[in-house]
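The chain below stands alone and is given in structure tokens; this is the form predicted on its own.
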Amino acid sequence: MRQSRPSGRHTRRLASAAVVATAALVLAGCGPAEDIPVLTWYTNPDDGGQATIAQQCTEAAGGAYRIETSILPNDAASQREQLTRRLAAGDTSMDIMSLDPPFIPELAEPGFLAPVPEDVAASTTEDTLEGAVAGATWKDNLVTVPFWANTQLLWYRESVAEEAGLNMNEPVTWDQLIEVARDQDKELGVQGARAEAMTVWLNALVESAGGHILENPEASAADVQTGLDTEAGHQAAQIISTIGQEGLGGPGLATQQENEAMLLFQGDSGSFMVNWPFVWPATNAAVEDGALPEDLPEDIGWALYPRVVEDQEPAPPLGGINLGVGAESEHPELAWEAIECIVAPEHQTEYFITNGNPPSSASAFDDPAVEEAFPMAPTIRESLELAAPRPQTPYYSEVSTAVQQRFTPPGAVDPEATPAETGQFIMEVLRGESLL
């Protein structure tokens, strides 16, 4: 009789059982402790949440493995650089990696990432929000596992919206926000610095208008076509240009990133702001410290990202972190088991509450403790369903840098010329005809 071939999951369990047995012997004094496999998890900086989960999963593994964390640099670009360099060199310590979604295709295309076993893909995405799955995918294949997801909301001052007569229970457009800022001599919290935040903003505007920065992001460098010189690209550029040229983003717009935008919004001239959920715990912490008025949180509301087109749903920014395994890892089976533990909904819930990073799991939002800590959690969940990833291309770093160079400062953006010039510049860079 032909025997069925053991599934990948079954094989891993057998391997783990063997390791557990070995660990039991180790714990019983029958072997050296150093025989327990050590999995290195390269994490992005946070408030210690990933280290806590690593400890919890190590304890849950019962000696099958031990997870040690290694913290990557602060900014996403430096994280990308270090991970890419290590993977290209065949570093065997790349067991688990916390990866920013835009850089995943660059690592997947040359085969730097170990394939996600089918059973792991199924178990870790069965209740994952759509946007998070899209950010973990390359060429229709899940190449990483969603861990936590992030998105931007529209934060607003209740007093400003009320004076303007805006019904914030209904969708609002960028044009409406600009008009209110003009009328009330207020400032809009946006990110206009020459940094990744600008690509995040532009991508959300173009996607919300029904377009794409790249029309065929999976194409080779020679065949990539940009979608900026389109109606969607021009609408996006018009919004950025208007805010920049009329000074509606504040005097520091040209160097303003997420934190600076939050500070602007918290001040007397604050009105509306697009930003990540971290602003809520940060604002409350500042109030507790006495740095901000006690009644400020009562004046802060939240809604879905503003629309570019009145009758068209927005496409909010998508962020977060996915987990991947290096192709040269010495412990891929154990690494995937550890990842299944790390992304368990209860861990995502705890991570959200303690570190402020929203879950990618839909069920993780159901915990009452989540809404108690983040009353805007239902809006975050809805936003994640609408969120659109930045261009999923192996050349993302080049595309993003080109966008940043051409769309900053916002006051210099020409709605008629900048989209076409940026699209041409991106193609010249990818084809080796121009330098960044």
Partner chain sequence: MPTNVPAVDPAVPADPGRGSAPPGGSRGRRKAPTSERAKAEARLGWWLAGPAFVIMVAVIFYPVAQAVWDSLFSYRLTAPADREFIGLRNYATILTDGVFWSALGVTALITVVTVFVELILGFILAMIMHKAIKSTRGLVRTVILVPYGIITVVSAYAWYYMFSIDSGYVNNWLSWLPGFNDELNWFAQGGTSLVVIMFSEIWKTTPFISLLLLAGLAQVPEDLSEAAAVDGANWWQRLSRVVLPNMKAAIMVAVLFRALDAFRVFDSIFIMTNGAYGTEVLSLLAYRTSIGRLEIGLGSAISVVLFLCVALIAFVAIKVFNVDLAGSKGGRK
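All values derive from a computational prediction rather than experimental measurement. Positions refer to the first chain, counted from 1.
Missing here is the form predicted in complex with the partner chain; even so, the following discussion is about that form.
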For this session: Report whether all of 110, 252 and 435 sit within 4.5 Å of the partner chain in the model of the complex, measuring from non-hydrogen atoms.
Result: yes
Problem set entry | Distance check, residue 43 to the partner chain in the model of the complex, heavy atom within 4.5 Å | no
Problem set entry | residue 80: touches the partner chain in the model of the complex, heavy atom cutoff 4.5 angstroms | yes
Exercise. Do residue 182 and the partner chain share at least one heavy atom pair within 4.5 Å in the model of the complex?
Worked result: no
Exercise. Are any of the heavy atoms in residue 260 no more than 4.5 Å from a heavy atom of the partner chain in the model of the complex?
Worked result: yes
Exercise. Of 45-53, 63-71, 374-382, 387-395, which is the one stretch near the partner chain in the model of the complex, taking non-hydrogen atoms within 4.5 angstroms as near?
Worked result: 387-395
Seminar exercise, completed: None of 222, 122, 291, 88 but one has a heavy atom within 4.5 Å of the partner chain in the model of the complex; the exception is 88
